[in-house]
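Coming up is one lone chain in structure tokens, specifically the form predicted on its own.
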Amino acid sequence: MAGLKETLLKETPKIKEFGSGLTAALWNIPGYQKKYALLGSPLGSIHTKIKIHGEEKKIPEGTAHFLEHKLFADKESGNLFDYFASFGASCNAYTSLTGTSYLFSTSENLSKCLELLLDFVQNLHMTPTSIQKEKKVILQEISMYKDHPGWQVFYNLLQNLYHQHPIRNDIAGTKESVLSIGEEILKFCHDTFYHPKSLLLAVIGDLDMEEIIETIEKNQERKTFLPAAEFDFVNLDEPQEIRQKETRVKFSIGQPIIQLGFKINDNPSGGKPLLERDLAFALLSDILFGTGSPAFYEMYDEGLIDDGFSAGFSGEETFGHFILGGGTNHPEKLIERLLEIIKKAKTEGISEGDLERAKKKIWGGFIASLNSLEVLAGQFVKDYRRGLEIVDHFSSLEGINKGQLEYLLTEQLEEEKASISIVEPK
């Protein structure tokens, strides 16, 4: 089999829009026995307000996650896992900050699995009883995560950094928001964000293209849909300053957990600037705090960190944050050391040698991750919605220079925009 990078550069997805408005990306990669499909809606957890028909409409926090639960739970005559398993497939679904995805992988019966995927996602069945039942399930899920120290340290930090942006709340919502979700808002969101024009289907593997296209066409032709509504997601005005400097809570744990976070306010619009920012932060994180960095070895040898230490960036057009931390027996000392490392890098700058080593490491990791069709499909959908192609990752990574990293250091990782979240043993 040809190298994956060469395959990606040579083989590109066939993009086809069907009569219903559904867009499908069919990616034929010869030599793979497994086939993988992902059907994505643009409704994510941060989308709590939209403008539709000239009016703004509020969407309760956790609605995207609730709708995912509802669709997955409501195959009337049986369990969806069992249906997919009967075709030799495994299935799953997840809600992210910016979308909701439904997926399966299989080595056989691809057409039957595709029909099942499209049918259960495009048909919403609900009754007052089933909605109340799902609320109980989600409220239990929320309670479970609140008892998890890793969840607490992370979401407490987000609530420190952000005043009102929905990123500060759990993807599942709050107890109050979940209880407020009813049949009307679920139907509205399904009609709007699950209309074929809003969905994106990615199918990847060694494909019989004619058979797949015929399967999708016939599936969509036998369904009727309301006219698609034009909508825009509305962003809340978020102050640049952080909401508060520190949060400490106590848990029944043996070792403290800390996270140090920086609020990033320079949020670009458009696909390539977003990608370049993601990659620049990934490079900076690896150079300063990666497992091969001098600082990591020093902190590890001193007992300040363990293998659970991590550093990374998350961001879109409306938010951005750089978070680092983990379990430690010396929380104050670790926070002080992390700030010292950043301060020292601001003074000394980034070396060309460190930048090239980090590029090779990230390049290799990205290539290795794409050997998974699941990762490849998820990355494709994210890139497609940003107006990007997979190959843009290679050219963007090559083009990043040390000046961009030094800009992030000096202009974005500002101590006054930093906050601390600590979970301590009782």
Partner chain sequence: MGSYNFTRHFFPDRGIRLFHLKTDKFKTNSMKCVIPLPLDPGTASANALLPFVLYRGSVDFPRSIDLIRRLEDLFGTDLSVDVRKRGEWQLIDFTLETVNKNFLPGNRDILPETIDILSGILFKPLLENGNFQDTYVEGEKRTLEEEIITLKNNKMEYALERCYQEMCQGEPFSVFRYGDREKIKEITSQELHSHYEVVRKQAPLYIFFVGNVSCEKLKKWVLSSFPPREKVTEIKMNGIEVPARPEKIIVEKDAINQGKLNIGYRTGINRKDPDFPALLVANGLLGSFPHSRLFRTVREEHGLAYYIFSRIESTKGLLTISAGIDPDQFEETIEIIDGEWKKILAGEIDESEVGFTKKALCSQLKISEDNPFDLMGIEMINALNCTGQSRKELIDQIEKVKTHDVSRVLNRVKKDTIFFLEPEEES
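Positions refer to the first chain, counted from 1. Predicted model only: the values in this text are computed from it and were never measured.
If you look for the form predicted in complex with its partner chain, you will not find it shown, but the lines that follow are about it.
- Asp301 is the sole member of Glu348, Asp301, Glu184, Glu210 with a non-hydrogen atom within 4.5 Å of its partner chain in the predicted bound form.
- Checked against its partner chain in the predicted bound form, the residues Ile131, Leu179, Leu339, Ala85 give one hit for a heavy atom within 4.5 Å, which is Ala85.
- Heavy atoms of Tyr32 reach within 4.5 Å of its partner chain in the predicted bound form, making it an interface residue.
- When its partner chain is considered in the predicted bound form, Thr127 lies well away from it, no heavy atom lying within 4.5 Å.
- In the predicted bound form, Gly254 approaches its partner chain with a heavy atom inside 4.5 Å.
- In the predicted bound form, Asp307 approaches its partner chain with a heavy atom inside 4.5 Å.
- Only one of 214-222, 264-272, 239-247, 142-150 lies within 4.5 Å of its partner chain in the predicted bound form by heavy atoms, and it is 142-150.
- Contact with its partner chain in the predicted bound form holds for all three of Asn79, Val137 and Gly364, each having a heavy atom within 4.5 Å.
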